[in-house]
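Take a look at this single chain in structure tokens; it is the form predicted on its own.
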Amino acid sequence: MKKTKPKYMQIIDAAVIVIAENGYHQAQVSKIAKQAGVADGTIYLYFKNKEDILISLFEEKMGSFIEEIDQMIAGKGTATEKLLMMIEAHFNLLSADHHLAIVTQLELRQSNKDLRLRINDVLKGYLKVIDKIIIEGKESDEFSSDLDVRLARQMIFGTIDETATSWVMNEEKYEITKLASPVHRLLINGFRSR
């Protein structure tokens, strides 16, 4: 119910900016409230604490991203093409939102173990999308029939994630969107010679 209220997303969007600019540990609730243009107490009508804001932020942003990817690839093209669309969408999302890129690639990783476990729960939806693409590729003979789905998923997610983290760590000095095709090629073809 609270999620449908306009101030909820206002606070989420403000939290992305404040956490990106100050770091999670220095991002006080009062700074988030100021950025959102609400009173400090209003935050607690929607969230239990700062940790709840961070988890909610990730749930909202990742949840809408997963929905977008699912709609984008539904019934379109081959598994290979769907994998490219997913990589492009991932890099486009981060490229379009500097603050979100910092929060997802850096700040979420500095959280405590309990928080990381909750973040991993949110990531499961994204990993399921990757699994669907891999399974479809195996069934259509685009991918090797003996491909280990779990290992392939880890390689795909790990490669995309590390490419994005490296881009953020290098202060976004190059266009990450231009790396989608080379990353896709690497994942599809591996290191074999042609």
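As the structure is a computational prediction, the values presented were derived from the model and not from experiment. For every residue, the number given is its place in the sequence shown, counted from 1.
This next part talks about the form predicted in complex with another copy of the chain, which is not shown.
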For this session: Mark R150 yes when one of its heavy atoms lies within 4.5 Å of a heavy atom of another copy of the chain in the predicted complex, and no otherwise.
Result: yes
Problem set entry | Close approach of L179 to another copy of the chain in the predicted complex, 4.5 Å, heavy atom | yes
Exercise. Would R116 sit within 4.5 Å of another copy of the chain in the predicted complex, counting heavy atoms only?
Worked result: yes
Exercise. Hey, in the predicted complex, is V183 touching another copy of the chain, heavy atoms inside 4.5 Å?
Worked result: yes
Seminar exercise, completed: The stretch from 133 to 141, 158 to 166, 62 to 70, 42 to 50 that lies within 4.5 Å of another copy of the chain in the predicted complex, judged by heavy atoms, is 158 to 166
